[in-house]
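Form predicted on its own, single chain, as C-alpha cells, below.
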C-alpha cells in the first residue's frame, strides 16, 4: 500500500526495490517465462478477435448494470441465496460483519478476493473480534507478514522460499525446511484445522451470471472449494463489474483469463455455485449463502464515456506481467491495493487521488499493458488522463507548465533550441556528445551521455537539399518532430536521399513543431491539444499521399492520439482523422509501399541487431518491416534478446525517474552486447538518444543508427 506523500518520498521507496536483488531476479525470470507461456497457450487462436468479443460483452454489461443486478438478484434469491448491494467499501464490510454476528460466526476462512482487499475486509472483521484466516497459500503468507498482495494472481511473488521458511518457523515454533514441497505441506497442516473449525467461508467471484443467479470461481488451489463448501455460512463478495448476462459470456472470458494470467489453457479448478446447497454442519442441513455486490463507484464509472472501459478488467494481472517498471520494483511500489497499470487507474477511483498521484506518474508509456489486456482497455491513455485530472485539481508543477507554454509557442520553442546550440559550446565534444552534465543533473543522469544540439537543424537545410523529382510515384510530407529536426537531422537527410532515389516527391511544412507527446506524458493535456492543432494546420494544405515520420513515438501519437485530442471539435476531428490516416512510419513506408529490393543495395554483410521501439511494435503493430529492411539493406540481421522490451527512455519519464530508466537501459544494452553485432539499429530518435548515450557511457564500440541511415549509405548509386 502506497504511503508516500510526494514524488521525492515515492522515488526513495522505489530505490528500496531496486536494491532488492531477489525481487529483481524473480520478476525478470517470470517476465521472460510468462511471454513464452502465454504465446504457447494462445497458439492458433484468434487472440485479437477474442479480446474484441470480451470488450463488447463487458461494455454491454456495464451499460446494463441495474438490469443485470435485478435479474441476478431475482434468480439467486429464488435459489435460496441472500443478495445484498453495498454502495461503498464500508457498507460491504458492515454487511458481512452483520451476517457473521447474526449467524453467530466466530471463525472465518477466506479464499483469494481482490475485492475484499479493496474494502480492507479482513481488518474490519478483525476489529469486530472475528478470527479471519486466508487459505490461499500466497495470501496466507502475506497475511502472516501483515502485507498486501504484490500481484493480483501471485500475491507473494516478491518473497523467496527462504523468507517463507523463516516465516513458517516463526509461526509454528519449529525449524522448517525451505524446500517448496515441504513448505506447502506445512501450510496444509496448519490450515486444515482452520477449515474444520470455521463457521463462515468468504470467497470472491470471477463471474456473476444474471440468467441463472450463479457465480463462478477460477482458481489453482483447492482451498476455494473447501471455503465455499465446508463452513455452514458462505459469503461471496464481488464487484458489480462481475455481472454478465449469460453463462456464454462467462465462458468466453474463461478462454482468455487463465491464458493471459499464467499461460494456462485452464486453471486447476473452475467452480460454479448456484443456490443454497446441502451442508452437514448447518443445523437445518442447508447452507446459508450470501452474495454481496459492491458498487464503490462502479455504477458511476459505467456512465463515463472514457473510463467505463475500466470495467472490462478480468483481473488477470497481465498488465503487471509485461510492465517493465513493475518488473523492476514489484507490486508494492507499482500499486496501492490493485497493482500494475489497471491498479494505477483503480487506485484513483477506489482510494482517491492522494493514493494515486505518485503512482500515475510512474508509467513509461510503452503500451505493453494495452497490447496484452484481455479486455482491450486503453490503459496508457487512461493513466495519462488521470494524471492530468489530478494536476487540474491540485495544480500543475512548474516544469510541466513551462514546457507546455514553450511547446504551444513554436517560434519560442525553436528559438530556445537554436540558443541552446550556442550555450552548449563550452561542454560540447566533437563526437556529438556533451562532455559532462551540470552538477545538478550529473548524480542521477550520469548513466548515459547526452547529445548536443545540431549545428544546423533539418528545417534550415531543407531548401538546400530538397530534390527535384520528375514523374513521382508518391507525394509525401515529412514530419521530423523536434529531435530529428534539431538533434539528429542526418537521419532525416538519409530518408530524403532514399526517397529521391525511389521517385518520391517530398514536402516539409515549416509550420510543424514537436508532436506534443512530451507534454501529454506530463499531464498537460491542453498544451498537447494546442500543439496538435498547430500541426494539423501546418499539414492541411498539402494533399499528400502519406505523412512520413522517422520517429515511432511521433507516428503513434499522430495516428492514434490526434483524433482523440480534438474529438470534441467536429471540424478539427475530421481533419485529424484524415491526417492520421495518412501517417506512416519510415520502415513501413519503405518496406510495404516502396517495396525496395536487395538488388538496390550493396550487401556489406556486417552484423546488425535491432531494438524495436515500443510505439512501433505495439503502438503501430509493426514488427517484421524493419528487420527485413536490415537484411534487404545489406546487413546480416542478428536477433537480440527481448528485442521488443522498452529501452527505458520514455521521453520525460527518464528525467523524472532516472534510476528506473538506467536499470531498463542496462538490461537492454546487456542483451545488445550479447549478440556480437557491431551495429544497433532502431526506428526512434528517442531510443537512439538513450541507447547511444548508454553505450557511449560504457565505452562500447557498438554504433547506434537509424534504419534510414544504413539504407541510405548502402543504396547503390
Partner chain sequence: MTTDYCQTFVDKAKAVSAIVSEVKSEDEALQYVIDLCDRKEACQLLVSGCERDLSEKAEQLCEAKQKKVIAAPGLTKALYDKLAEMSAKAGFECIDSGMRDHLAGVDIGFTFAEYGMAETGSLMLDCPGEDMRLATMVSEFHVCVLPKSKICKDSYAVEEMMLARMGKTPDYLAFITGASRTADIERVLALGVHGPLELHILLLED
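Note that the structure is predicted; figures quoted are calculated from it, not measured. Residue numbers count along the first chain shown, from 1.
If you look for the form predicted in complex with the partner chain, you will not find it shown, but the lines that follow are about it.
Within 4.5 Å of some heavy atom of the partner chain in the model of the complex lies at least one heavy atom of residue 155.
The closest heavy atom approach of residue 223 to the partner chain in the model of the complex falls within 4.5 Å. Taking non-hydrogen atoms only, residue 39 never approaches the partner chain to within 4.5 angstroms in the model of the complex. Under a 4.5 angstroms non-hydrogen atom cutoff, the partner chain in the model of the complex has residue 193 among its neighbouring residues. Exactly one of the stretches 130 to 138, 498 to 506, 636 to 644, 327 to 335 approaches the partner chain in the model of the complex with heavy atoms within 4.5 Å, and it is 130 to 138. With the partner omitted from this view, the residue of 593, 276, 85, 434 that lies near the partner chain in the model of the complex is 276 [heavy atom within 4.5 Å]. Residue-level contacts in the model of the complex: of 188, 607, 106, 145, one residue has a heavy atom within 4.5 Å of the partner chain, and it is 188.
Heavy atoms closer than or equal to 4.5 Å to the partner chain in the model of the complex belong, across 265 to 298, to the residues 265, 266, 267, 268, 269, 270, 271, 272, 273, 274, 275, 276, 277, 278, 279, 280, 281, 286, ordered by sequence position.
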